[in-house]
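This document opens with one chain alone, in structure tokens, the form predicted on its own.
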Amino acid sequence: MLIKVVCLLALIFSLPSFSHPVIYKEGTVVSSSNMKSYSDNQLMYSWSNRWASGLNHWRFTKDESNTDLAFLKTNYLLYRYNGEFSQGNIYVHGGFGVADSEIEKRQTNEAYMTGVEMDWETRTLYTSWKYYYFTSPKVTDISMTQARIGFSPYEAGFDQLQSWFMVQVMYMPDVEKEAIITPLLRFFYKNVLWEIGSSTRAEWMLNIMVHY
């Protein structure tokens, strides 16, 4: 119980950290990220404040055909910087599972994923960069690069509604030929985070995350 209280106090100082791949020890995160070209759904449990594991499902859509990938996944906090008014983190990701693609006539094969993620934030500024690589020997190879920058117009306490404006740039050359630029709004209230946005090509975005 004491550990959770300390971690909640840390969240008050660094509110965007709620969206990090690893939260406080024994915490559980359910999340769903959705756009026309992809979706990412996760159920993760943090065994410590540096290591989490769980289930992860991805869907990529190209020319109306879907590729689905399901993984047993682990996230690890490789490095954390704690400054007086800011925090930075580096995470690594890995997983193994199965891939199923309409393009390959619904063949199911083994699949693997790797990734790295970095962020830096204050109470009113946020930046992040992440890279994922998915591979299945007989189905597909997909890479994803995503960068974000955002700000909050005010500082709020943990029990108050926090609001953020962000711009996301995502590049998936195996799915989309051009980068997807998406302005979005992020809201965070207690243990629930949600994001809504629309890309410059009028493609909707809806993300939600809940931790317990």
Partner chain sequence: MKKIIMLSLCLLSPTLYAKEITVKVNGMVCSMCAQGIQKKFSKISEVKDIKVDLDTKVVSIVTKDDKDLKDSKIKEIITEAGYNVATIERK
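For clarity, every value in this text was computed on a predicted model and none was experimentally measured. Numbering follows the first chain given and starts at 1.
Form predicted in complex with its partner chain: not shown, discussed below.
Its partner chain in the predicted complex is not approached by Thr140, whose heavy atoms all lie more than 4.5 angstroms from it. Taking non-hydrogen atoms only, Phe165 never approaches its partner chain to within 4.5 angstroms in the predicted complex.
Contact check for Lys130: no non-hydrogen atom falls within 4.5 Å of its partner chain in the predicted complex. Using a 4.5 Å cutoff between non-hydrogen atoms, Asn191 counts as a contact of its partner chain in the predicted complex.
Note that among 62-70, 157-165, 141-149, 172-180, the stretch whose heavy atoms approach its partner chain to within 4.5 Å in the predicted complex is 157-165. Proximity to its partner chain in the predicted complex holds for all of Glu26, Asn82 and Arg123, with the criterion being a heavy atom within 4.5 Å.
Annotation for 42-56: the only interface residue with its partner chain in the predicted complex is Asn49 [heavy atom within 4.5 Å].
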